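Below, in structure tokens: the form predicted alone, a single chain.
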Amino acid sequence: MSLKSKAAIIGIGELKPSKEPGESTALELMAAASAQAIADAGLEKADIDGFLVGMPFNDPGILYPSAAAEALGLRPRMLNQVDIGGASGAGMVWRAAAAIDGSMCRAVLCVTADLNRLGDQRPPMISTAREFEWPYGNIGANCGYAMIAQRHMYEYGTRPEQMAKVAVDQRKSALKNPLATFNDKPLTIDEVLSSRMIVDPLHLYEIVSPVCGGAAVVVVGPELARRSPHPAVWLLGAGESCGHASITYAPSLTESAVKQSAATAFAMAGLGPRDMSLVCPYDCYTITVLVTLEDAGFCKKGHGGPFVMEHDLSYAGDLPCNTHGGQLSFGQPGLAGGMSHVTEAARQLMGRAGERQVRDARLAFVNGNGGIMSEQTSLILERRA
């Protein structure tokens, strides 16, 4: 099956992240982001006949898609909950395209929102991690990604300053993004490495900051795409893969399922890493970007550190990477953090990124990452001349 050119993103909605949402609920943030995206697409709520949603961290419940659709005033012919962590936003795009290609619907709203405050995240009811890892101190994502970083440093000689440069270059882009949480001052490698050590070798500025927010996109078929008020952003390729749930059982700490998901996406698109105008890899930690760039084929395995030192990853550089600032500077509003990579790629390809606009942006690689390098979704997006 190929989804190449079967659907396109034509509308974007994204809220400015905040540390405290006041009295707002996650569903209210979802409604605000959805309203933006539908209006941006030049559509009415009645035009939306497909609905994909991510369940907020602090709002668990059964039958969530139908409850959310009812609250938003939608009457979809296709609806579902996408639950693959930070890969959910990217995963929604290809699922929407598949539903459209299957004639189940014509216009799909894909939305995520979270309050994402410290201590709010729901523990899994059944979890090998909770039973066999947490009692021994291996709690949360920080420990898992620190293990990946330590192993990468051991196997390939990766240096702390190489990982830090990812945060520095992405902060340069965040300074041009009015929605970014951290857009008031630049960052240096020395500042990253002198910030508080959280879990060795990861420092404070190498780890995402939890915030509240929401983001949405509208995905449509060719007929509606031709009527879009903005340049349509076409899905050319998609791939998805999962190698483990708990990092304890991962086949490798340094090689991820991005290798499979990216290869599938590039093959479907008939393109390769060198064709991309920009990249939007999930960046919950600096090491995540290095591993993703390696496994997606932008550089050889183990060369991620030298590779990012040799390239300017800012919006004005030779390899624009996470030009919204990435989650490291934009903030991580729960599942909407993963969606921010999709919205930024679409915004860039539409030519609507303002001061951080990448010159002649035509093709983008987007990667969503769930868990601790567990679920992976890769997309190839295109703006046509």
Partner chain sequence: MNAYLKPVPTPSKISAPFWAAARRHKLVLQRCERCRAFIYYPRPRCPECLDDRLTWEEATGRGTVYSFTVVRRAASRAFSDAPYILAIVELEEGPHITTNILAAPEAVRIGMKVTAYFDDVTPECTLVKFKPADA
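Residue numbers count along the first chain shown, from 1. These numbers were taken from a predicted model, which means no experiment stands behind them.
Not pictured, yet referred to below: the form predicted in complex with the partner chain.
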Exercise. Tell me which of 149-157, 182-190, 87-95, 235-243 has residues with heavy atoms within 4.5 angstroms of the partner chain in the model of the complex?
Worked result: 149-157
For this session: Verify the flagged residues F266, C321 and D360 against the partner chain in the model of the complex: is each one within 4.5 Å by a non-hydrogen atom?
Result: no
Exercise. So which of L271, M104, I198, A71 gets a non-hydrogen atom within 4.5 Å of the partner chain in the model of the complex?
Worked result: I198
Problem set entry | Partner proximity in the model of the complex: E131 to the partner chain, non-hydrogen atom cutoff 4.5 Å | yes
Exercise. Is there a heavy atom of S194 no more than 4.5 Å from a heavy atom of the partner chain in the model of the complex?
Worked result: no
Exercise. At the 4.5 Å heavy atom threshold, is P178 in contact with the partner chain in the model of the complex?
Worked result: no
Exercise. Could you tell me if V168 has a non-hydrogen atom within 4.5 Å of the partner chain in the model of the complex?
Worked result: no
Exercise. Heavy atom within 4.5 Å of the partner chain in the model of the complex: which residues of 248-273 qualify?
Worked result: T248, Y249, S252, L253
